[in-house]
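There is one chain below, alone, in structure tokens, taken in the form predicted on its own.
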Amino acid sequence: MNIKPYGDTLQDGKVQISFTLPIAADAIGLEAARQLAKKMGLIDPNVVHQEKLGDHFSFYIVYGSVGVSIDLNDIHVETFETPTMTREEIEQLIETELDRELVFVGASTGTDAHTVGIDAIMNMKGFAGHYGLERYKHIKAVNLGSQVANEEFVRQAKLLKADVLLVSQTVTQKDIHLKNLVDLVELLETEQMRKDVVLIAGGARITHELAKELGYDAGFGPKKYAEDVAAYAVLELIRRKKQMF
């Protein structure tokens, strides 16, 4: 099945892009934006918005069409399905199958100063009615906050005897999140801790497929909440326990 983007009518190929140019917001800037969009492959590009960002910077929104399509049969994505579970169901699962307190340690690591994501998963109040892990029975949730160096993160994980490590990455400029995520895996392997923890990455640009490629057990992107992360982690710990016997 071949599909194309659409804006006005199905399969018309209409798309909208935005970008910043290091030039003034004037007539030359408008034409530069139009020509750039055309070289990017847009058909009949139209600059619908121009905004001054400074003396020598400007922002543009361009509307146009693309002539290409994709065949859905050619797309293969690694995904995983975790049963939808309530907080109470997860608590009961821990009590009956693991019979001990679990330690979840989370942080925004490296230079990442954003805590909204990790707070939504870890803190008691959670987000949008989805309570965080601090509210769960049988879970000790330790939120280390932001800008936590990988070395400190691993040190705390070892000190707390963590079962699950949650790494939040929001800052992605120049793919700094990729290097930071890989460095953490390598550090855990050096400390011979990688096999002892469930390692989960999360963030707006994190996918399960990407996380797996980087050496993580799972990845969670937008619209995921504490119960999604907890259900996966608890089921994974149960799976590992059964493999031991």
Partner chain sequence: MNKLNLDQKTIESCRIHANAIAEKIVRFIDNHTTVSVERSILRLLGVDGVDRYQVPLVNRLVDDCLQQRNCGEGISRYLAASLKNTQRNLADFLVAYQAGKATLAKDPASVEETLAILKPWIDQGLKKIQEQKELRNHWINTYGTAKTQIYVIVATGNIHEDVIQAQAAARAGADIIAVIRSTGQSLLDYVPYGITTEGFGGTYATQANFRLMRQALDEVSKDVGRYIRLVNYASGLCMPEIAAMAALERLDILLNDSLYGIIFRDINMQRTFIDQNFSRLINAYAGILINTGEDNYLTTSDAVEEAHTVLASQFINEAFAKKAHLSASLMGLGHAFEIDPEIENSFLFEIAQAEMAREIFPDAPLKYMPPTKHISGNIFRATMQNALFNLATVMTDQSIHLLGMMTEAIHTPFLSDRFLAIDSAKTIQKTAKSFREAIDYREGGVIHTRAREVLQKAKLLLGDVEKTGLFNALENGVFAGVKRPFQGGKGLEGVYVKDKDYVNPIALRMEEFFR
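Each form is matched to the other, and the largest set of C-alpha atoms that superpose within 1.5 Å is called the rigid core. All figures in this text were calculated on a predicted structure; none of them were measured in a lab. Residue numbers count along the first chain shown, from 1.
From this point on, the text means the form predicted in complex with the partner chain, which you will not see here.
- For the candidate spot formed by Leu10, His49 and Arg205, every residue has a non-hydrogen atom within 4.5 angstroms of the partner chain in the predicted bound form.
- Proximity to the partner chain in the predicted bound form, defined as a heavy atom within 4.5 Å, holds among Leu98, Val116, Met124, Leu160 only for Val116.
- Contact annotation: of the candidates Ala120, Val171, Val103, Ile94, the single residue with a non-hydrogen atom within 4.5 angstroms of the partner chain in the predicted bound form is Val171.
- Figure note: of the listed segments 85-93, 150-158, 128-136, 171-179, the one touching the partner chain in the predicted bound form, with heavy atoms no more than 4.5 Å away, is 171-179.
- Looking at Met193, you'd find every heavy atom of it more than 4.5 angstroms from the partner chain in the predicted bound form.
- Proximity of Ile43 to the partner chain in the predicted bound form falls outside the 4.5 Å heavy atom cutoff.
- Within 4.5 angstroms of the partner chain in the predicted bound form, the stretch 9-45 places a non-hydrogen atom from each of Thr9, Leu10, Lys14, Gln16, Ser18, Thr20, taken in sequence order.
- Core-superposed comparison between this form and the one not shown: the CA of Val66 exceeds or equals a 2 Å shift.
- Superposition on the rigid core between this form and the one not shown places the CA atom of Leu235 less than 2 Å from its counterpart.
- Superposition of the core reveals a Cα shift of less than 2 Å for Pro222 between this form and the one not shown.
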